[in-house]
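Only one chain is included here, represented as structure tokens and corresponding to the form predicted alone.
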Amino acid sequence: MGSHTTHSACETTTVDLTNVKPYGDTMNDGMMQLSFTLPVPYGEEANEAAKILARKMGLDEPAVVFSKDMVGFTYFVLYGKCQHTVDYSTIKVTKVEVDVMDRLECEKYITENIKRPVVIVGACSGTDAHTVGIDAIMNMKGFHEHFGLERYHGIEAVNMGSQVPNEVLIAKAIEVNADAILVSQIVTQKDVHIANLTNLAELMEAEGIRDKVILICGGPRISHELAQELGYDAGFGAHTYAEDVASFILTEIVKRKMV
């Protein structure tokens, strides 16, 4: 425990997982790349300010390798050597535990275990106008060659689009007798997504349908842990596809005996 052998073109090294540092050219050199903007005019003083800030962040030998005038601001790309380490062996992350099935496996699972159409209602709710997240999961073409739920035989996917009030989303779920509600949140400034997600869960409780519908949220700043804290059954972050969501919903339906 605590070590791992890494193979690369230039070296074979045993990594101490209790004492992990960033890797650049050689193991444990601590090398990191940062990019950021400072509200100062472009010039040598700006570069020096960036290096001073990097040292305060615990980076040794900071070097500005690129900087650009941003009209009164300056954008930097900076390298430096991190002196801190992390004990990777102690890390525990709350995440969705499900055996992910591909589209054909999901369709077979529905046929063999649920034996009826599965209804999933999705939306980007509240004032959020972005549809990229919900479309990636719901739309037939999907995302990155991962077909969306509309392509799945046995799933009735209702994509309501963006800026859908929570009350309207719930009303649609009741109307179509949805098995699951999938809500996407992209805009997260000032934690507006948390307030909106909390409101949705509370409204479902008030309507008396919370325990009858699988409630899922997703988005770039959504984690399974946050979702559970807000009263959701699951949360999916970046690099999530339709099969991840479908696998969870389908196995949850069987687990809860919603068939």
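None of the values given here were measured: they were computed from a predicted structure. So that there is no doubt, residue numbering starts at 1 and follows the sequence shown. Whichever C-alpha set is largest while still superposing within 1.5 Å between the two forms counts as the rigid core.
Keep in mind that the form predicted in complex with another copy of the chain is not shown, yet the notes after this line are about it.
Note on the partner interface in the predicted complex: the residue among V168, V86, V100, L104 having a heavy atom within 4.5 angstroms of another copy of the chain is V86. At the 4.5 Å threshold, heavy atoms of R221 reach another copy of the chain in the predicted complex.
Contact check for V40: a non-hydrogen atom falls within 4.5 Å of another copy of the chain in the predicted complex.
Contact between L59 and another copy of the chain in the predicted complex is found at the 4.5 Å heavy atom cutoff.
For the chain shown alone, A136 is not a contact residue for another copy of the chain in the predicted complex, no non-hydrogen atom being within 4.5 angstroms. Counting a residue when any of its non-hydrogen atoms is within 4.5 Å of another copy of the chain in the predicted complex, the one hit in 225-259 is E225.
Core-superposed comparison between the shown form and the other one: the Cα of V77 travels 2 Å or more. Taking the rigid core as fixed, one finds a CA shift for Y23 of 2 Å or more between the shown form and the other one.
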